[in-house]
Ligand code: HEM
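Listed next as structure tokens is one chain, alone, in the form predicted on its own.
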Amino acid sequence: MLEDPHARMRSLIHEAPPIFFSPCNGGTWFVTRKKAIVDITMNPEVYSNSFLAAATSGEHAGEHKAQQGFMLLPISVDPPQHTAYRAPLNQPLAAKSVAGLEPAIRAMTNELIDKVLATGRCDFFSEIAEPLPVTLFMKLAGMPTDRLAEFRHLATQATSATVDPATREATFKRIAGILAETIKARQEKREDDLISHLLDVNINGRNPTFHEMLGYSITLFLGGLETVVNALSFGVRHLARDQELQAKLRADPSLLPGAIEELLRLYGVASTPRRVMRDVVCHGVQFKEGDMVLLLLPAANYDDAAFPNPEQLIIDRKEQHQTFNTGPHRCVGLNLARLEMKVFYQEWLKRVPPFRLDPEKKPQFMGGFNLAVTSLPLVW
């Protein structure tokens, strides 16, 4: 995994059954094929996103759960509650709404390129991929942009495989503490940002509680600070290793949207867990009530049954990749992610000469719920 995360994911399609069990970490089922993953995500009644064992019901169940731990909204609730919690995010993160951010993304991308262009080299991960989506997201959400390094460290700790449960819990508490300050400040004075917007939304005839605001904010924090950083890093690593594709995209930027979708497919980032709510047979495998299932979205993107020649980057491929997931929990930030990537690649390919991996220093990776890059040295 740490040598080449996606090569390892790809190998599971050849070496492992479509659904297999690992006794590690308390025992988990892994699902690696697109069809099975889609069937599971489209059936939230059986495969729940609520990871807390205490099943609660009723309109205010969300608030009840929040008292016991951190409730990631809208991720950790199932329909129909999920529908009510997700609705407030749909409009501010719709394609039309985020389109207004394009000039800001372009300006930020160029500022970052200005800092490294003349040196002929950079660690793409720390100098470009981390600051760009993270700063943009913090501005959008209304979080302080001067704490970028601290926030990124916390986001990585929260999803890393190498962190023990006690450290992870402490990390979530620290994140919650920081976000609570922002929420309190916006309760006193609204600004033009996502947290202010969410304070005034209507959920089943009322505004969100403080706990619910915390739940929204933690989800946005982890989503905004982890996924695009890694998607950009893996995508640029691919281009650094494929000079022909680099040249093709420089010559014809209209190919970028298709290339970005393929880079997203080849380098999925997140894997997402589900809890089995009752005994059920899934694609010939018996699951028991209470079992944990991990949907390996990055592996499903290499499923031969779903993607002909899955290892090839095919710019006009029509099949729907799994990187943003499917079903009710499909990534709510996908329009923003696509816009950030489009603008970034336009500017980077226009301004930076043909680039390649630094022959002296290898990229570094990390595993966990998200496949992550920790260093990506480039030269040009």
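Start at 1 and count along the sequence shown; that's the residue number. Since we're looking at a predicted model, the values are computed, not measured.
There is another form of this protein, the form predicted in complex with the ligand, and it is not shown here; the text below is about that form.
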query	finding
Every residue of 137, 328 and 336 near the ligand in the model of the complex, heavy atom within 4.5 Å	yes
Partner proximity in the model of the complex: residue 89 to the ligand, non-hydrogen atom cutoff 4.5 Å	yes
Proximity of residue 186 to the ligand in the model of the complex, heavy atoms at 4.5 Å	no
Exercise: residue 128 in contact with the ligand in the model of the complex, heavy atom 4.5 Å	no
The ligand contact in the model of the complex: residue 50, any heavy atom under 4.5 Å	no
Partner-contacting position among 299, 71, 236, 269 - heavy atom within 4.5 Å of the ligand in the model of the complex	269
In the model of the complex, the one of 155, 259, 276, 93 near the ligand [non-hydrogen atom within 4.5 angstroms]	93
Location of the ligand contact in the model of the complex, chosen stretch of 222 to 230, 284 to 292, 195 to 203, 169 to 177 [non-hydrogen atom, 4.5 Å]	222 to 230
